[in-house]
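Shown next as structure tokens: one chain only, the form predicted on its own.
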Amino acid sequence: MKQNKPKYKQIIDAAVVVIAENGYHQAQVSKIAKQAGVADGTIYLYFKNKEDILVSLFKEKMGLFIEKIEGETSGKTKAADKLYVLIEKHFSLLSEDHHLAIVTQLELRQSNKDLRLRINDVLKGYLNVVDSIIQIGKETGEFREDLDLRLARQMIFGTIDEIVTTWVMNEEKYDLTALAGKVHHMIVRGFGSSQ
């Protein structure tokens, strides 16, 4: 697999920096190659084009994201605890990587329909983690039994996503991770069982 070759990760990491600093449309493959320290042609051994780089970058980073969240939630039994880990990890991982935050919150929002569909396909793994947490909460009685799974998922992801986007747009002037507790509290209270 291409992903296991040493230059693949090097190119992905370089693409994050170049796309964040130049914007997706101005991020030429030659700039990515230069940042990665490889020849322009080497890029095409791993990726079809710039769009393929962007989708692969998202797939790679989202895979690591999911891995970390699942790793840290696996020892927790309560849905509310799992949800806190998801929110806190989401905020901390992006606050630790300025370039990745810009790419995920601004540059991935491309108008190209095919690109959006490919990005949404990658996002499904993350949304499955959210679904699993909601389902556990409903089963244990932590969350209301009549909670609409799809709507609850959209609320969780939409809230987290908008808070990170606002943070990026405000030039990261405040501690994003510090908001995790408040966001978690509001969601859990809203989903909570009326028992």
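Start at 1 with the first residue shown and count on from there. Every value quoted in this text rests on a predicted model; they were computed, and no experiment measured them.
The form predicted in complex with the DNA is left out here; the points below concern that form.
Asks: Mind telling me which stretch in 40-48, 124-132, 56-64, 155-163 gets its heavy atoms within 4.5 Å of the DNA in the predicted bound form?
Replies: Looking at the partner contacts, the answer comes out as 40-48.
Asks: With a cut-off of 4.5 Å between heavy atoms, is L147 one of the residues that contacts the DNA in the predicted bound form?
Replies: Because no heavy atom of L147 falls inside 4.5 Å of the DNA in the predicted bound form, the answer is no.
Asks: Might I136 be said to contact the DNA in the predicted bound form, defining contact as any heavy atom within 4.5 Å?
Replies: So I136 does not count as contacting the DNA.
Asks: According to a 4.5 angstroms non-hydrogen atom cut-off, is V168 in contact with the DNA in the predicted bound form?
Replies: Looking in the predicted bound form, residue contacts with the DNA do not include V168, since no heavy atom lies within 4.5 Å.
Asks: Might Q28 be said to contact the DNA in the predicted bound form, defining contact as any heavy atom within 4.5 Å?
Replies: Judged by the heavy-atom cut-off of 4.5 Å, Q28 is in contact with the DNA in the predicted bound form.
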